[in-house]
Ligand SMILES: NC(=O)c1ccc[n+]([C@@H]2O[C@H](COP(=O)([O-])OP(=O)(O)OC[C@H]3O[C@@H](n4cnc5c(N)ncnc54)[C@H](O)[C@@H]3O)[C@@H](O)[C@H]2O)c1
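Shown below, as structure tokens, is a lone chain in the form predicted alone; questions about how it binds or moves come after it.
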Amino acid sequence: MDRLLGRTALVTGAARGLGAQIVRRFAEEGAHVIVNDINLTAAQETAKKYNGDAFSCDVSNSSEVDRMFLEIASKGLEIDILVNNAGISGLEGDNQAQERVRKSLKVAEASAKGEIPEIDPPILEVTDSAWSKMLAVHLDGTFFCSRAFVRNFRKSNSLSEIGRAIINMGSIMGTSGGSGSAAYCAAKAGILGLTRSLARELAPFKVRVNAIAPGYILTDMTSPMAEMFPLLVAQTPQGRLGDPDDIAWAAVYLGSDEAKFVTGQTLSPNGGWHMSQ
């Protein structure tokens, strides 16, 4: 308890899923939580559970991000921990989502047999707009929020005795790659590179920057992939998929003094599915 006492934490995309669980554990560890989501009503509902604040913006829009950070500052809130969690799977609202997952399975099965798949490579189905949106939400959003975070504390010229932290949400897909997920993998790989760059850049300003690269976690976001779960479980040494707490506790650690000598790193709770972060 109280591992984050006295800190104020902003978690983006936190009305549900991994973000909401991170908010929960942060609040239990003493942090004042600020919940961001594109859906303000949902953000307010989550924030209310933990006596936090809620703000809405589309993280892929730099003007909206800057406005949100100014609103937060105008309420006298100074952010100590920024968790760039907002993201999409690319399967939202896609009526063909299940079929796309099946195609990825077929590619994996053919590869395991040393055969050439009878279907076209999935990249041929990636549209310009789908590619751009994936990178905008994940990579642009992480950059825009990190920039606004730094701009605001530099503008206030405030010194943080406890230090500040940025935690970026990567993925094992950002390092291992994955068939049928070119845009997602590219976005997550970009986030890991951005993490390392910011860690070097911001260390003199007492800001630690790290990433979490989750394995396959059971959330609403991964539910369209249910047909792949048996294969993924079989490939995971621990024999299970992860749950949101596996990621939330990693975020608590990276935001706390326990990680005061940790920066530029990627922590990957994945049950052993990928061992080369």
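Every value quoted in this text rests on a predicted model; they were computed, and no experiment measured them. In this text, residue numbers run from 1 along the sequence as written.
Separately, the form predicted together with the named molecule exists; it is not shown, and the next lines address it.
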Open item on the list: I'd like to check something about residue 50: if you look in the predicted complex, is any of its heavy atoms closer than or equal to 4.5 Å to a heavy atom of the named molecule?
Closed with: no
- [ ] May I ask you to check whether residue 62 falls inside a 4.5 Å heavy atom distance of the named molecule in the predicted complex?
- [x] no
Open item on the list: Does any part of residue 86 reach within 4.5 Å of the named molecule in the predicted complex? Heavy atoms only, please.
Closed with: yes
Open item on the list: Please determine whether residue 153 contacts the named molecule in the predicted complex, using a 4.5 Å cut-off between heavy atoms.
Closed with: no
Open item on the list: At 4.5 Å between heavy atoms, only one of the stretches 78-86, 175-183, 121-129, 198-206 reaches the named molecule in the predicted complex; which one is it?
Closed with: 78-86
Task: Of 27, 228, 38, 250, the one that lies within 4.5 Å of the named molecule in the predicted complex (heavy atoms) - done: 38
TODO: Indicate whether the candidate residues 15, 137 and 216 are all in contact with the named molecule in the predicted complex, with contact defined as any heavy atom within 4.5 Å.
DONE: yes
Open item on the list: Suppose contact means any heavy atom within 4.5 Å; which members of 167-189 contact the named molecule in the predicted complex?
Closed with: 169, 170, 171, 184, 188
